[in-house]
Structure formats: C-alpha cells, structure tokens
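The chain below stands alone and is given as structure tokens, in the form predicted alone.
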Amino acid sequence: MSLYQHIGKGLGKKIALLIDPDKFRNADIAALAEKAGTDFLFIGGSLISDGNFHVCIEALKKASRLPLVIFPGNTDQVDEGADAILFLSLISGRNAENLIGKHVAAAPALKKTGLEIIPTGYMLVDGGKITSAIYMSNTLPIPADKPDIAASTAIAGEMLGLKMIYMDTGSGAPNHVSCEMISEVKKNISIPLVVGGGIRTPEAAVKVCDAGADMIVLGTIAEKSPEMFVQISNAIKTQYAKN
C-alpha cells in the first residue's frame, strides 16, 4: 500500500508531526511521536537558512520507523532520503509561481528520485495572524468565515486531478480552520482532507476530526509542549480506534 492509500484508507484518523528543519535540534521528538502512535513525520518549512535539510532527514530516519514525507517550502527541499513528497499547489492563492511555476522547475529532479509524489491542493486559511506561509507565498488566505469559497476551491482542486486537499492556517496561528469550513469542504470532495495549524488541545483535535479531517498535522504544540502533543495523539487514537 502506498503512503497516499494509507492516508485515505483504513481505520481511524491519521496524525502527522510537522518538523521544521530550521528549528530542529535532535531527533528525540520523532521517537516520541512513534511511541505516541503518530502515523507520519512531515518535514519542511518556509525557510531553510542553514543547509540542515538533509542532516535532519538522516537523523529522523535513524530515530524512527515512521514514514517521512516532505512538506516543501521551496524547490530546494527535495531529498531522496525521505519516503514521499507532497507536490503542493497553492490553490487558495493567485501567485502563479506557487500554482505551477515552481513545480515546473522541480519536476525534472523529482522524476529522477524514488520519492512517492502526492499531488496536493494546498489551501491557506486565515487563522488570526499573518504566518510565515502567508508572508513567504505572497498570497491572501481564504477568509475564515467563507466556507463556500473554501469548498469551491477544494472542488476545483479535485477536478484538476489533485489527490489530496491540505487546509492550513499556518505554523503558530492562533486559530485552526473552523469546523464549519472543514465540514463544508469534506462533504464536497471525495479525496483525503488534511488539516493543520492552530490545533493545540485534544478537544480541538477531536472537533477537527469530527468535522471531517482525515488527518491532522501538529507542529508548534510538539515544539512547545511534547506532553500535550502526546495527549492529543492519544485522544485521537482512542476516539477513532474503531471508527
């Protein structure tokens, strides 16, 4: 079974831990994530300032058996040491570089790798502040109170052939994507829905999953409070173990 099939099929909801290479210090969090029942490690960020990407991937692969998926912030974030890459198209924005331009530049190199490539519609949603993802992409997020716009965007992404939708308020956002918006998007698409940003408590994580997320992505909370990260993971695995 491919990693993509694993995201969209099987029992329970899925959890991914997003690791920012610029903030990476050691691989202990990867071992903790595996012990807590996390399904995937995502790696990537809006900035790579110290050439740490390959070193980070090597350390994570040694510390954990979890599948490692690249969540690229730019065309330099490609490494055959990972298992897969989200081929992100920023469908919520109108910046041609993030819709197709950077993909054209990266495609020849990607084709030569053994990475599983997962075409993904990336949708930035207003989470209450300007995040690095919003700033670096030079795009406006979808307004938090416009679930109809989000649903139409996701529908278009699926019609274009994208295999997954990833809704994100960005790292460190005060708010997660609203349950109303998640529900509206989920009922209008047939591909897996991933939701990240602003999920800080077990209660919030369960609400996001109940609304329709097939996978939640946790990042900042794991950096600031590994204990809370474990609580969230345990809550999701317990809540949806037989669903």
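Everything numeric in this text was worked out from a predicted model, so none of it was measured. The numbering used is simple: start at 1 and walk along the sequence shown.
Note that the form predicted together with a small molecule isn't included here; everything after this is about it.
S.K.: Taking a heavy atom within 4.5 Å as contact, would all three of Phe71, Ala173 and Val217 count as contacting the small molecule in the predicted complex?
M.R.: Affirmative, all three are within 4.5 Å.
S.K.: May I ask you to state whether Leu18 is within 4.5 Å of the small molecule in the predicted complex, using heavy atom distances?
M.R.: Contact with the small molecule, yes.
S.K.: Please pick out the stretch from 89-97, 112-120, 162-170, 147-155 that is in contact with the small molecule in the predicted complex, where contact means heavy atoms within 4.5 Å.
M.R.: Contact-bearing stretch, as computed: 162-170.
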